[in-house]
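In structure tokens, one chain follows: the form predicted alone.
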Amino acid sequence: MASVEVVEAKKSYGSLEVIHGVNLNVADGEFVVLVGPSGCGKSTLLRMIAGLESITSGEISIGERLVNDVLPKDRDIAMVFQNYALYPHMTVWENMAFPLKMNGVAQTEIDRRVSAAAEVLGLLPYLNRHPRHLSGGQRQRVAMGRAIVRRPKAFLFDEPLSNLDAKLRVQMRTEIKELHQRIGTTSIYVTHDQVEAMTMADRIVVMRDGIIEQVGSPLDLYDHPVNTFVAAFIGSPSINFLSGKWDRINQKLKLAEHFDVDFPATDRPSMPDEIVYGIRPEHLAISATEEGIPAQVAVVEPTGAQTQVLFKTTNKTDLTAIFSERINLNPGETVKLVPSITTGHFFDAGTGARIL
């Protein structure tokens, strides 16, 4: 195992720069997830670490070794791809053993490693099958097994679950996390699915337009996003945003929905005139009084354990709320919503940056 360090890494295609001086340090044994919208540069950065994309400038190190000019096969990493990349004419055993055979590993050691990986991944009954006789989840396990037997310094995952159905994705992400906890190899995982990122990562790296917006633990990013982009990207359903103006006389935020929000800090920073107020869906409640944000019920979505409701304010702003208890609401009904004051997020409307 080894750490992975990226220092001021840039990537250009001709005059077009797509990675803009990225810095990232992945500790030995850490599971880090790169997440962001399509085109943000996360897969490009992963491929730069793997050596599949050349680095325009900067440095990439795996362990103590600078690997800028090292071929992918010599970087001692293993990559798991979205499309599995299995050899269709080989059995499961042959697919997993192939990289070891190519490296001249002794047959007894190959047998031992393949059997051990197959046991960990639940593949022992399928070792004599070909990939066409396996389900999507089983094929992905074979691809992971082929990576595990190499005992690399780091695993690189490039959206490995995106070809699976929803139920299998949930199962596989649990299995990948459990596998990491057992073998402890440094792992960098790329996905556009923030739920995968939240449930699997030790740390999440949120990217946009070739730069890193924020790095932190899942709950740190959820509770303390540095800007509106991170706040909106992390969390499902997404955070609600309401626009407002800072009332300097009364020291309150006046929302366009005719509701005042007290700023929770005793030591207030310098407040801009225009503020975006963010509130998570689980932090909205139905008011028992006449105080609150007037909102009309648009859609009610019961999921069993929770009820998700889409509201529309008088200004036609969409608000999503999640209620743990079962509530009786009907489309067209009007209620008053009250945000939890201590859990709101305040952002500068001009820059999108977090105020507190």
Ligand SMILES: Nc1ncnc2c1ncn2[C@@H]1O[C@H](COP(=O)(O)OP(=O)(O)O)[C@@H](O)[C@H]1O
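From 1 onward, residues are counted along the sequence shown. The structure presented is a predicted model; accordingly, all values stated were derived computationally and were not measured.
Keep in mind that the form predicted together with this ligand is not shown, yet the notes after this line are about it.
Chemist: Is it the case that Y13, P37 and G41 all touch this ligand in the model of the complex, with a non-hydrogen atom of each within 4.5 angstroms?
Modeler: So, yes: the whole triplet contacts this ligand.
Chemist: Of the listed stretches (63-71, 42-50, 288-296, 307-315), which one has a non-hydrogen atom within 4.5 Å of this ligand in the model of the complex?
Modeler: Every other range fails; the passing one is 42-50.
Chemist: For V18, is any heavy atom within 4.5 Å of this ligand in the model of the complex, or not?
Modeler: Although this ligand is absent here, V18 would touch it in the model of the complex, with heavy atoms inside 4.5 Å.
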